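Take a look at this single chain, the form predicted on its own, given in structure tokens.
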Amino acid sequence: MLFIQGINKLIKQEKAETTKVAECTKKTEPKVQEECENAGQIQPKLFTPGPLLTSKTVKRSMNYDYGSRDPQFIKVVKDIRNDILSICEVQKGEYECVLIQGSGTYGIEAALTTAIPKTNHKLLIIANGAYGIRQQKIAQYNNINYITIDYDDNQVVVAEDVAKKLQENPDVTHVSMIHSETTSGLINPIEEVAKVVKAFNQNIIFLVDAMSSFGAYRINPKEAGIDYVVASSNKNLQGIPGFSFAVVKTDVLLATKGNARSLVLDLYDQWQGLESNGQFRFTPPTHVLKATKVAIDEYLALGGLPARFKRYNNNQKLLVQKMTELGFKLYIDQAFQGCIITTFLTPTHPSFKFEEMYNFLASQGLVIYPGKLTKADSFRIGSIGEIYEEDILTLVKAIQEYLKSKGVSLPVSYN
């Protein structure tokens, strides 16, 4: 009872503390900014799919240290879990939100290796890019029995193909796929796939990697028939990298006790720890969690998912318009294009060198995604994070300047 009273007292102090932190950061930020500028470290604009550009408020929030077992920090963790459930439009008790240290891949491996028992299982992985292939590697490392449906990285998943595969493999117990495949930028039809999976067998567990779609695209797992939605802090919520999370149907999660192949990636035990005392089993990334809570508060205050999608979608549409005006060609069919990241085919002009363009843009504080993951010779530009339409225009103008500096005639050519 005394402990609970102590928590309530500290919670009441949070607003005052937040004000104190804000005053502190206002004093320290100019000095930090000056030091960064003197060191030539001006914050660049990141046109990447995450980690991405965060707001100044999110950055400032990391200037304050929290104890991992302090009641105020425990409240931060609880609030994040509840906020994520709210974004998914589900209630606690029907679904649970489990936070876990590490990048999105940690979350995916935790979900797969907790969801799937050590025996009597068969996983179907639906892959059309690097992240589906990564799930296959996870399955191999953890001795998970799996089969695949493999598409080219510019092809969208077709629900009818999944239905056919299940008919051919009626012993499938789990199905996993990517929602927003950032290899190319396409969006897969998770609702359509969920429908055919559950129509074939209601007991099949359906897991969705929503890493780069969560928070921008509506995902209601209860409505769609999805058992696991896995995402991370540093994508569309515009938080800091350092933790991932799984939104899991409660009765499904309850059935996974003892499944895990790893101590630290045991999603069931992690959930039990969070439920029993509100704490992580092992040291949590305190600054990351606090900063992401601030990012979520901003997200909700600015209109939540509809507003976030609208801004990202406007960014992406403007990017495509301006880049195609320069002659750049898109890699995937626009019918399947998402608003997260866009892949452009590399021009064949001999003077065009992607590495040179990347460095040219970086020298102007404009960072695009280096390298390619697609089979085709291409490059990618993100449209998410704390960037706006004026930033897109600045980027495209700089790309045009690079092309002119190399003597590449416009529109760019493809032989």
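Note that residue numbering begins at 1 and tracks the sequence as displayed. From a predicted model like this one, the values you see are computed outputs, not experimental measurements.
What follows is about the form predicted together with a small molecule, which we do not show.
182 is the sole member of 182, 113, 315, 128 with a non-hydrogen atom within 4.5 Å of the small molecule in the predicted complex. Taking a 4.5 Å heavy atom cutoff to the small molecule in the predicted complex, the contact residue among 215, 338, 104, 221 is 104. Among residues of the shown chain, residue 211 is one whose heavy atoms approach the small molecule to within 4.5 Å in the predicted complex.
By the criterion of a heavy atom within 4.5 Å, residue 178 is counted among the residues contacting the small molecule in the predicted complex.
Of the heavy atoms in residue 235, some are within 4.5 Å of the small molecule in the predicted complex. Proximity of residue 134 to the small molecule in the predicted complex falls within the 4.5 Å heavy atom cutoff. Across the options 203-211, 71-79, 317-325, 269-277, residues that bring heavy atoms within 4.5 Å of the small molecule in the predicted complex belong to 203-211.
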